[in-house]
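Take a look at this one chain, the form predicted on its own, written out in structure tokens.
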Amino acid sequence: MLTQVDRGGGVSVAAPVSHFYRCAASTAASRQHFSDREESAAAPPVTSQTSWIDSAFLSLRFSEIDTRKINNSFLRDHNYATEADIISTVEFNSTGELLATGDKGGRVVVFQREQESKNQPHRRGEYNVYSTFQSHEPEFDYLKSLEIEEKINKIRWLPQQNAAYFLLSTNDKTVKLWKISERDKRPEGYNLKDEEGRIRDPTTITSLRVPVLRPMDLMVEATPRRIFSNAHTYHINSISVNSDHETYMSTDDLRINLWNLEITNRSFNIVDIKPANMEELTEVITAAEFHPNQCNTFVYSSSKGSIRLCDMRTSALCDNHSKLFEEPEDPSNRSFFSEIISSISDVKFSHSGRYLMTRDYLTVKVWDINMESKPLETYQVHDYLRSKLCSLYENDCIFDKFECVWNGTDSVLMTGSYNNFFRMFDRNTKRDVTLEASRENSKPRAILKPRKVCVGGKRRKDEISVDSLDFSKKILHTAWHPNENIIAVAATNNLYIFQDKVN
């Protein structure tokens, strides 16, 4: 896939793609939107407009929550939004200069951060569309009579080694390694073919020409370099790149496989919890991640609320964990929903590697890897929903899988909630804040105010009743810039980017 980049800052799509964002706060960037992948040449380009919105959120001192700025808000046009447009993963690269999103339509959009300009220093924080490509297509498993969705489950960036960028993307069954590179020169003056690529008659060649490279408009090209398939019986839920930069692991419900990035036809099974009799199955793997510094260490979480730390130096098959992190359940709080809400939907190592963060349905917990008995910190995300678990079970919302992220210094945690709310917790001050990502808050110069949920009694003017929450609006996927206070929040089919105030 090729994306043509205008050197003046605009972006236009040069290849048929159906994935588009309407950039409500970027420089003018026109891209074609196609409502149907097969009729991808039908729709006109959409032009974005510039918008700046005051907000307040990312000061590590959460008392100053009214003078910060929302930098960008990338919104899809609701007139075209479909199920395929729902964002399913968001990920910054290791420098934070690129931001990738994947959706249920199997498409990946990569945003690039605007370079700093002396004339317009405030433009430094903006992210504009850099490349758009179709990563996965729907497939059908004829042996099992199962349809394989094209939905992108996870994206992980590889550390940059040269001018090109590499990322891993996965759907339920197949992991792909993509190379994203720029091209601003084209070869001309071939001897055996003409300028349009047609082979010339050798008898018409009377002189020898030396091919030359000619300048051309900058093109961003996304090409699949490796395809890792046929290794998972169950759905892949996570992938993680090792700190050795040579291997990565892919995780499904019952197994974890270790891959070499150069070898596509062979992987090593390092965890297998499948019982001999599937009727004896009591838990499944929900997420897994490598340690950020130790290439031999990884962690995986389960649907029973436990986290297992494994060391690949002990044995080839790490079914026997090195450490088990599990909080004993309070018998007084046990209910029909206890096992469901205790299932861990995400696990993340801190950047230092000292701590683990886990997210279950109602809480975010921080664990010290040297203390297995109980979590170091527990933060209530939306405890007001505890009385609503029955209705949440009936509408299947209780099975939603929320992700969680650290900030660059491991001092602040962020995770999503319902009604397009997202929560932040300051580990130092123990303060927390609820903020909302919505179109209503994305007006120019609008202030992003903290939101509060009223459980019962008299509701204040600035509060929202728990009965008024919209459970169809949920923030499952978030990402935090590795070095700066910039966050990306995926709200269904909208992508919001927030940052600290730019002077």
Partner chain sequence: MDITAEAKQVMVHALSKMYSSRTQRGGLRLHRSLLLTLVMRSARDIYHSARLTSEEKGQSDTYGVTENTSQAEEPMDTTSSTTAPLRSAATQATEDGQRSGREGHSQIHDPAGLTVDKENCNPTKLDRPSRKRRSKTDTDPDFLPCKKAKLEFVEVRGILQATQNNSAICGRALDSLPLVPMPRTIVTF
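Source: prediction; values computed, not measured. Positions refer to the first chain, counted from 1.
Heads up, the form predicted in complex with the partner chain isn't pictured, but that's what we're talking about next.
- Looking at the partner chain in the predicted bound form, residues 138, 147 and 253 each place a heavy atom within 4.5 Å of it.
- You can rule out all but one of 369 to 377, 354 to 362, 391 to 399, 407 to 415: in the predicted bound form, only 391 to 399 has residues with a heavy atom within 4.5 Å of the partner chain.
- Although the partner is absent here, residue 279 is a contact residue: one of its heavy atoms lies within 4.5 angstroms of the partner chain in the predicted bound form.
- Within 4.5 Å of any heavy atom of the partner chain in the predicted bound form lies no heavy atom of residue 199.
- At least one heavy atom of residue 267 is located within 4.5 Å of the partner chain in the predicted bound form.
- Within 4.5 Å of some heavy atom of the partner chain in the predicted bound form lies at least one heavy atom of residue 274.
- Proximity to the partner chain in the predicted bound form, defined as a heavy atom within 4.5 Å, holds among 320, 95, 82, 233 only for 233.
- Between the options 295, 86, 340, 309, the residue in contact with the partner chain in the predicted bound form by a heavy atom within 4.5 angstroms is 340.
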